[in-house]
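The chain below stands alone and is given as structure tokens, in the form predicted alone.
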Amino acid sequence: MAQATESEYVTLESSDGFQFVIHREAAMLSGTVKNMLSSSGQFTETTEGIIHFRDIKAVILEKVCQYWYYKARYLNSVTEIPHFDIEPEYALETLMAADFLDIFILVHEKLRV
């Protein structure tokens, strides 16, 4: 199998078994994911480009993936940044996942719960 560093994509698997294949560049906006994918050891995450999240459900991981693409799109933007909506019933779990994944929410980003 090819090294994950050669792939443009990574696979993220939720605790309930759903898989999300996203651009490596977007996933690397997470400090935690970046460390997992760029470690020098022979870890599964590094060699296969697959990360299993035992404590993050699919509905939350999907929102996290959407946020990474939102952040990548509007990073360094000088135009008006639209709101990023988070459903109130998922706000706490999404915040906990963001904390675990070391996702910094920029002050100018407009999150709406």
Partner chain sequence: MATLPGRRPIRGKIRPPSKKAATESLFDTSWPELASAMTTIQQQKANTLSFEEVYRLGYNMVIHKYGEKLYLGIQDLIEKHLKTEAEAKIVPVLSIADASPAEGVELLKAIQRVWMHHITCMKMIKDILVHLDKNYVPQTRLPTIYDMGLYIFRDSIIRSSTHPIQAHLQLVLLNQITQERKGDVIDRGAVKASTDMLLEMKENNGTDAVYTADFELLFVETSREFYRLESEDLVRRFDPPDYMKKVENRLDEEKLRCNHYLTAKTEPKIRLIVEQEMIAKHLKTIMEMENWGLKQLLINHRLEDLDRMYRLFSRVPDGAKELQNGVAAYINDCGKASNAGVKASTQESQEKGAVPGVTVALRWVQEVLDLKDKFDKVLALSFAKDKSFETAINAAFERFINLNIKAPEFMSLFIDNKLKKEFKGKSDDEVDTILNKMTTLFRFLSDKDVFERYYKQHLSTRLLLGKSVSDEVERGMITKLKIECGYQFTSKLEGMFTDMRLLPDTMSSFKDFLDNAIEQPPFDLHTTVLTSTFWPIASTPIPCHFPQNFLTAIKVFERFYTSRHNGRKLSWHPTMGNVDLRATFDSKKHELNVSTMAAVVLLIFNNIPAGESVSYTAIREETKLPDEHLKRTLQSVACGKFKILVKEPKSREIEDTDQFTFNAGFSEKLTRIKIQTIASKVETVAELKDTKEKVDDARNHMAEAAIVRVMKNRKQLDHNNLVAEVVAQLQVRFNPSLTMIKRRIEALIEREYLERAPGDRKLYNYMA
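Numbering follows the first chain given and starts at 1. Please read all numbers here as calculations on a predicted model, not as lab measurements.
Here the subject shifts to the form predicted together with its partner chain, a form of this protein not shown in this document.
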property: Complete contact of Ser7, Glu25 and Glu62 with its partner chain in the predicted bound form (any heavy atom, 4.5 Å); result: no
property: Non-hydrogen atom contact Ser40 with its partner chain in the predicted bound form at 4.5 angstroms; result: yes
property: Exercise: Pro88 in contact with its partner chain in the predicted bound form, heavy atom 4.5 Å; result: yes
property: Non-hydrogen atom contact Phe18 with its partner chain in the predicted bound form at 4.5 angstroms; result: no
property: Partner contact for Met36 in the predicted bound form: its partner chain, 4.5 angstroms, heavy atom; result: yes
property: Its partner chain in the predicted bound form - contacting residues of 83-102, heavy atom within 4.5 Å; result: Pro88, Glu89, Leu92, Glu93, Met96, Asp99, Phe100, Asp102
